[in-house]
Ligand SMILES: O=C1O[C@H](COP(=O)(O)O)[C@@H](O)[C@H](O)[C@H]1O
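Only one chain is shown below, in structure tokens, and it's the form predicted alone.
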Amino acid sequence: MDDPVLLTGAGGRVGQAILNGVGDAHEWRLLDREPLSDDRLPAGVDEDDVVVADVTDDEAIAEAMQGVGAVIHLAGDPRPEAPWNSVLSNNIDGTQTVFEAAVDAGVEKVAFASSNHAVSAYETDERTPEMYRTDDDYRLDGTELPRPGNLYGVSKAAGETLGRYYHDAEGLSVVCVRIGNLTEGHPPRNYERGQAMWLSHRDCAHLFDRCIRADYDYEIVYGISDNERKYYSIERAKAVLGYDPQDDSAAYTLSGEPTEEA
């Protein structure tokens, strides 16, 4: 893509994983509510490419969106325990502001960072912990209805619905990525659920790179690595986006140490 990619929430964990992995692959415009230090900027990006603004600031977002070809929208309150007033403002109103500004600016596509929390209530007492293990074939594939387990998940489900609206009403290409458990270097330690939904940093960067490069209409995909033990299907991400993950939590013990085979 020749036009810049606007990355909101660039200073957060997901944003930094993307920039550290594919920071040299695109021209970037970075937005965060806090200034970004030089060590958080990829090569070729300087302070002129950084916008310090809140995603609820209509004017600032509209200005940041000018000349952009694609958007990766990560900004918001990431806390699973976040209260309603925060997710309403930061995650729902902020996401609507981003989608509206993208349409007004003629942006081609938006990748929206949804979350496993949008569907976490599928993990019932009857299904867990068996659904986290390799011998269980239960899968969520993105065609199921949202089933959030907290208000943060409600806000992410709302963001997915906003994406659906802006695709249908305005023709915006939207992919919603239900991100799993992002950690660097190894899967979450001593946490079966986290290992089943592990997303490595390099697979995260690759996945969002494919969100920028691929052609799609409206999609919901799961953002996890190619884990042997998983209850989220990544087949849609592979088919539509060309996602080709390299990592697997099975290459590590439950305590997060590499297995002998790895």
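Residue indices: 1-based, along the sequence shown. What you see is a predicted model; the values in this text were computed from it and never measured.
FYI, the form predicted in complex with the ligand isn't displayed, but the following is about it.
Asker: Is H117 one of the residues lying within 4.5 Å of the ligand in the predicted complex, judged by heavy atom distances?
Answerer: Yes, contact at 4.5 Å.
Asker: Quick one: does P80 come within 4.5 Å of the ligand in the predicted complex, counting heavy atoms only?
Answerer: Result yes; P80 sits at the interface with the ligand in the predicted complex.
Asker: Can any non-hydrogen atom of Y166 be found within 4.5 angstroms of the ligand in the predicted complex?
Answerer: Although the ligand is absent here, Y166 would stay clear of it in the predicted complex, with no heavy atoms inside 4.5 Å.
Asker: Do A237 and the ligand share at least one heavy atom pair within 4.5 Å in the predicted complex?
Answerer: Close contact is absent here: in the predicted complex, A237 is far from the ligand, nothing within 4.5 Å, heavy atoms only.
Asker: Would you confirm whether the three residues N181, Y191 and M197 all fall within 4.5 Å of the ligand in the predicted complex, going by non-hydrogen atoms?
Answerer: Yes.
Asker: Considering the ligand in the predicted complex, find the one stretch among 157-165, 102-110, 139-147, 173-181 with heavy atoms no farther than 4.5 Å from it.
Answerer: Only one stretch passes the 4.5 Å heavy-atom test: 173-181.
Asker: For the stretch 8-32, return the residues whose heavy atoms include at least one within 4.5 Å of the ligand in the predicted complex, in the order they occur.
Answerer: Counting only heavy atoms within 4.5 Å of the ligand in the predicted complex, the single contacting residue of 8-32 is R13.
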